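Before any questions on how it binds or moves, here is one chain, the form predicted on its own, in C-alpha cells.
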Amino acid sequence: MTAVPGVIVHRDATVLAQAVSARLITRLVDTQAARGSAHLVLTGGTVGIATLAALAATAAHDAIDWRALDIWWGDERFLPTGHPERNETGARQALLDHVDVDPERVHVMPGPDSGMTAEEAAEAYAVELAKAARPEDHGPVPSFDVLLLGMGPDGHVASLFPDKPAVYEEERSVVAVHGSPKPPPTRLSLTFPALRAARETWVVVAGEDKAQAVHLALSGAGPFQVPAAGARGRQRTLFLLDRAAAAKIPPGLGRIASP
C-alpha cells in the first residue's frame, strides 16, 4: 500500500473531469501496450459520470482498445436494470453506449430484477471477480489497473460508510450494504480488501462540501471513521481535486495543475 498519496488540484469541476479523462486515456493505452488488456473500476456520482462524459467527448478515446478492457464497478445501488439512479445506467449513458466495448467484459453488479437477494448478488459478483483473477494477482480479485472512486462529504468511498459494518469486512471482496445513510438504503460494494488490489487508485473529488473530508483523509484519519483514508493503491494513489475540495488540505501538499 502506498504511504503518501499524490494530490493534484484543478481549477474547477469541469476542468477536473476533463483532466481525469485525459489521464485515464494515457494510463489505459500504456497498460494495454504493456499487457494487452486492462481492468478499470468505475464510480458513479456527479464528477464520476462527468469524467466518463468528458472521455466520450474527446476523439482521443479512440486510442483505447475498448474490446480489450474489463470494466467493473466499485459499488452499485441495488435497483433494477435501467433505473436512473444506478451507477451502471449513468455510465452507459455517458460513455459505454458510445464506444465499442465487449459486452462480456462489462461486469455489471446485479439488481433485484436478477431474482437474487442483495447478499446473493454480492456473492455472485465476488465469484465473477474471482474468475477474472489470474495467478499473478495473488488474490480473489483482479489487479485493477485503475480504480476510480468518488467521495462523499462524510468521507465514504464506494458504499463503505463511516463506522458501518462494511468498513470492517476483511474476508469477502463484495458485500451487501443495508441501511445506507445515503439513499437508496440497499447497495452492493467492494470491500477494502478488494479496493486494495488496485495498482492505481484515483480519488476524484469536487465541491466545497467535501473539503473537510478530504483534509481528514489526507491527514492521518482512520479508515473506519473516514473510509477515504483507506483508499490506497498498491503502486500509486492520487487525490484528484478541484479547488473547492482542496480548500482545507495541509499547506504544500497539493500540486496546482490548472491556474
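Just count from 1 along the sequence shown to find any residue number. Not measured: the values here are computed from a predicted model.
Beyond what is shown, the protein has a form predicted together with a small molecule; the following relates to that form.
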| item | value |
| --- | --- |
| Candidate stretches 117-125, 137-145, 98-106, 150-158 - the one whose heavy atoms come within 4.5 Å of the small molecule in the predicted bound form | 150-158 |
| Proximity of residue 182 to the small molecule in the predicted bound form, heavy atoms at 4.5 Å | yes |
| is_contact(residue 28, the small molecule) in the predicted bound form, heavy atom dist at most 4.5 Å | no |
| Non-hydrogen atom contact residue 45 with the small molecule in the predicted bound form at 4.5 angstroms | yes |
| Touches the small molecule in the predicted bound form: residue 210 (any heavy atom, 4.5 Å) | yes |
| All of 77, 87 and 187 with a heavy atom within 4.5 Å of the small molecule in the predicted bound form | yes |
